[in-house]
Each structure stands twice: as structure tokens, then as C-alpha cells.
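Before any questions on binding or motion, here is one chain by itself as C-alpha cells, the form predicted alone.
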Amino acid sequence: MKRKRVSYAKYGYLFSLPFVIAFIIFMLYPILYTAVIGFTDLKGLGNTQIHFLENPLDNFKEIIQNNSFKIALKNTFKIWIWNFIPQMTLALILSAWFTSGRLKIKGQGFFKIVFYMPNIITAATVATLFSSLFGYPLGPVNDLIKTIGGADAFNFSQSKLASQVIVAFIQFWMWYGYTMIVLIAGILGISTDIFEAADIDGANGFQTFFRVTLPNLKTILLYTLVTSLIGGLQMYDIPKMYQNGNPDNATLTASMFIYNQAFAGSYKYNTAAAASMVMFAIIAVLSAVIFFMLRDKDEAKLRKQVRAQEKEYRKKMRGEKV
């Protein structure tokens, strides 16, 4: 007798169906709708009269020529770079320490929890905390400045540079622990045989890190770079709650500009959508550049060789047929 084969594939589709439905309703549809209204004249709440513009790129031209958007874009990149470089540097150092077989640091679990803790604190709490720390004229930081010999209290909230540095520091402080955990997971995924071979060959800690660990972390580094880029260019909660773009738009980010266009009194949904699409294009291009820079060159060469061999083989087969 032939046994009837049971296919379990349908159950996999059924389990994934709730996610697919939620993604289509709450993610895919809003993205497509935003892309469409970027080419229309949609403004105001409850406006059902939507018309496509005679020149579909008018909203995009308006955004690109908008001085506030240029300032917001410049601030976003500046704050992201200021927090990303120290974030990656410290995360790499900590991940190398915690995974080192020579150092054998005790209490690693405790330190990992402490370093990761800022990431689970809400943005509103962090913004309130740092507003109190850098308060003027009374605040812990100003009290410390006076204690070590400073003459007058410094008004951090009125300084453009100080406000940007504080926002960048908050972003760094909140996310370096998360980046460290991701890098530790990546290092633990590297075969121990490679590290043992490096020890046998007499490699020291620096040589092992730069010639063994980093080359085998390309995929994880690519992930952290792209996710940090996306998160950094979408920065909203900390600059919004800490300074709300002040002083003089010094902490205004691209996401805050989009929010202000859409909801802060003007209700220009069309220009907000156009700005969103511009940011999407910038993120896509920069992500592609990062992918290209961190690609596996040896694998790329091997693929080219395989393609060349396939072309030669096809030519040869065609010639034999003729």
C-alpha cells in the first residue's frame, strides 16, 4: 500500500499569514501611499480632493530648495557621525575584551547588562535626565564646573555646538551597548580553530583582532553600519524631547522636519511625503555604497571567473553545433 504523504508546508504559510497581513496594512500600504501623495497637492486634514500635479516633481524641488530641510539634513549627518564613530570604536573594544580567551574577564554578564541598560530606557526618560544634568543655572554639570574652578554657569541649552554634542552623546550612550552585544554574537560565531591557529603562530592580541577577528566580522559590521545609518538618519525622539530643534534649529533633524511639515500646524502632507522619499533615496544610495565597500572581493573575483568560464563554454557549444 502506498502511504499518503502529508505536506506540512501549508502550516508554515498559515503561521506567517498574520505577519504578512499586518505588514501589508501597517507597513506596505503607508509606504506606497506616502510615495503617491508626494506627487499630489494633498494638504490639510479631511481633504478628499486630491489632484496630481501638472509637474509631478514640484514637491521634490520645493523640498530640495528648502533651507530648513538643508539645515536638518546637515544636522542629521553631523550628529549621526559624531555618535557613530565613538559608538563603533567602544563597542569593538568591549566586544574584543569580553571574547578574549587571554583576559578572561570576570563578571562579564553583569557588565554586559550594565552597558546594555541605557538601550532599554525610554527616550522621554533619557531626555528629562540629561535636561536636568545640564540645567542652567543650577544643575549637576554646572555645579561640577564651579567646583573645579569655573567662574560662571554655562547655558548648554543656548549653545548650538553644546546641544548637538549632547544629543550625539545621548545617542552614543544609548546604543553602544546594543552594538557591543551584536558584535559579541558575531565574534562568538567565528570558528575557534582560527583563533587557536593564530595563537600557535604566535599572534598577539592586536594581530589577532585586526587580522583574524575584523576580517571575519565583515557581515556583522555591514549589518551594524546599515542599521546605524538607517536609525541615525531617522533620528527623532531624543532631539525632539531634549531640545525640540533649539537653539536656532541646531538640533533639527530630517525626521523632525518631516513631522513639522505634516503635523505641526502646516499639514503639508505632500511636501512631507516628498521629503520622506528624498530621505529614502539617500538611505538607499548610502546603503548600496556601504554594501559595495564591504563586499567580499575574493568572492566577487570568483564569480567573475565563473561567469567568464560559462560564457566561454556557451560559445564553445555554439561553435560545435554550427
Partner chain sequence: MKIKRGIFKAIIYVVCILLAILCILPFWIMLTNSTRSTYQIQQHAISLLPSKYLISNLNVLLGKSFNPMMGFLNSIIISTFSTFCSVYFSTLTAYAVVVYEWKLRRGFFTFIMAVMMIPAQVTSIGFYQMIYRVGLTNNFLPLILPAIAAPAMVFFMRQYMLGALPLEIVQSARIDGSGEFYTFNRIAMPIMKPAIATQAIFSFVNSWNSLFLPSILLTRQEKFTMPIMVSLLRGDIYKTEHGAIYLGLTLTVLPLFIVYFLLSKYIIAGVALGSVKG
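Numbering follows the first chain given and starts at 1. Superpose the two forms; the largest set of C-alphas matching within 1.5 Å is the rigid core. Because the structure is predicted, anything quoted here is derived from the model rather than measured.
Heads up, the form predicted in complex with the partner chain isn't pictured, but that's what we're talking about next.
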By the heavy atom within 4.5 Å rule, which residue out of 285, 294, 57, 64 makes contact with the partner chain in the predicted complex?
294
Residue stretch of 71 to 79, 173 to 181, 158 to 166, 208 to 216 approaching the partner chain in the predicted complex, non-hydrogen atom distance within 4.5 Å
173 to 181
Quick check on residue 90: any heavy atom within 4.5 Å of the partner chain in the predicted complex?
yes
Closest heavy atom of residue 138 to the partner chain in the predicted complex, within 4.5 Å or not?
yes
Is there a non-hydrogen atom of residue 241 within 4.5 angstroms of a non-hydrogen atom of the partner chain in the predicted complex?
yes
Is residue 266 part of the interface with the partner chain in the predicted complex - any heavy atom within 4.5 Å?
no
Under the 4.5 Å heavy atom criterion, name the residues of 192 to 228 that approach the partner chain in the predicted complex, in sequence order.
223, 227
Threshold 2 Å Cα movement between the shown form and the other one at residue 288, rigid core reference
yes
Core-aligned C-alpha movement of residue 255 between the shown form and the other one, 2 Å or more:
no
Compare the position of the CA of residue 37 between the shown form and the other one after a rigid core fit and state whether the shift reaches 2 Å.
yes
So the C-alpha spacing of residue 23 and residue 181 changes by 3 Å or more in the predicted complex; is that change toward closer or farther than shown?
farther
